[in-house]
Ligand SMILES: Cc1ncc(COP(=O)(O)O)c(C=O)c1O
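Only one chain is shown below, in structure tokens, and it's the form predicted on its own.
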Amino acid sequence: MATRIVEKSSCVQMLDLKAEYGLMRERIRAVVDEVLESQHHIGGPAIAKLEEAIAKRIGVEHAIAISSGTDALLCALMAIEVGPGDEVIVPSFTFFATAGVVHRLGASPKFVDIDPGTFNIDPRGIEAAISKRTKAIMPVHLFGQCADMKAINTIAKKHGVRVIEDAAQAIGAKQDGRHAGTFGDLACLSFYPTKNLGGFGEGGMILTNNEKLGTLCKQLRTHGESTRYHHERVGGNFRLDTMKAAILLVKLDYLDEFTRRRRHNAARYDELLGKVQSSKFEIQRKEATGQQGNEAIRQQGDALSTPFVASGNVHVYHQYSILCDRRDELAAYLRDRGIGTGVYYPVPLHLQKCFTHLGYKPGSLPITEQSCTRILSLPCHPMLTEDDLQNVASCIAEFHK
């Protein structure tokens, strides 16, 4: 039986960038040749075209192309003058860059627990974490689903702090009809190759409707330059290469179709894995008192839980992440059958060695810590076939038998 499954799966990868490239190879090679012939590698016309296209698609006034998603976060924090003595409220359940950029500026990340349903930062924890030192709140739209931005913006307005959206995993995601990246003072995208809109190397973008902040970010990305060789402030080298922008413009044409496929794949997983979920582990939804939308409560059991999508959200499934008590055993079982999986993230940021000085201990953020031991991401990329989806689901069902 095991041998048959391995042959059937023929390796279901977590991501298939080669297959994606095969769809657009000729177009990409053509724009690469154009850039090579122009020899305009920094600040070429492709940069402005990409900024205009992303701004129009998402619905913001200003889009600033940046060298990476991490640099976008760093530049955004610099624009609102985060520095020593400041605190920035962030989730602990996220990629390291979210907190790392805060530390690099001499400020302190203030870690908050997550909502058990969406894996996004819990607004109730934000309210409790606000202090006189709080300079900004940085919610992450994890895995492709928006955080509760209405609640977060209400808290930010009440306390007079800025909001920077980490939308690195969420291009195309929506909440109540609005795109991720339109809710905060600033928002940041990533074009890392594995993202839903992934480039050929590092890349990112800052989004804003604030003209002053937009102008400031443009200056900061070129060493703080206001005019050529005149610097009112110190910035960094945060420029996106022209070649990368040209390739991203090609890939942008495929984003809607790839997003549709991801959402289709997620819906099929929901259907195929529905029978595996135990009654002890089902998602119970109830209206949250005094809040819009639904609150998800996950109960520990012996099977698995598929992703919960909050009311009003359009999820774009950068990752399709399940919760399961025997996570490592399941991952090994799938690996032996040629199926790739991912663990995002195995160690919460508040328990990372580099943040020991902040004083967090095991048990500080219980939902985050529990999620780190039970989360498992399944292949959900746009190149999957129906056979792939059924193979993954059937192997999971066999494991739980």
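The structure displayed is predicted, hence computed values, not measured ones. Don't overthink the numbering: it's just position in the shown sequence, from 1.
Only in words, not in the display: the form predicted in complex with the named molecule, which the text now covers.
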| message | Please determine whether G203 contacts the named molecule in the predicted bound form, using a 4.5 Å cut-off between heavy atoms. | response | yes
| Would D148 count as a contact of the named molecule in the predicted bound form, using a 4.5 angstroms cut-off between non-hydrogen atoms? | no
| said: Whether T94 contacts the named molecule in the predicted bound form should be assessed with a 4.5 Å heavy atom distance threshold; does it? | reply: yes
| said: Please tell me whether any heavy atom belonging to T208 falls inside 4.5 Å of a heavy atom of the named molecule, as the geometry stands in the predicted bound form. | reply: no
| note | Assert contact residue (the named molecule, in the predicted bound form, non-hydrogen atom within 4.5 Å, options Y320, F258, Y192, F238) equals Y192
| field | Option touching the named molecule, based on a heavy atom within 4.5 Å in the predicted bound form, out of I152, I247, V140, C75 | value | V140
| field | Stretch in contact, per heavy atom within 4.5 angstroms of the named molecule in the predicted bound form, of 209-217, 115-123, 192-200, 262-270 | value | 192-200
| query | Mind checking whether each of A331, S371 and F399 has a heavy atom within 4.5 Å of the named molecule in the predicted bound form? | reply | no
| remark: Restricting to 165-179, the residues within 4.5 Å of the named molecule in the predicted bound form through any heavy atom are D166, A168, Q169
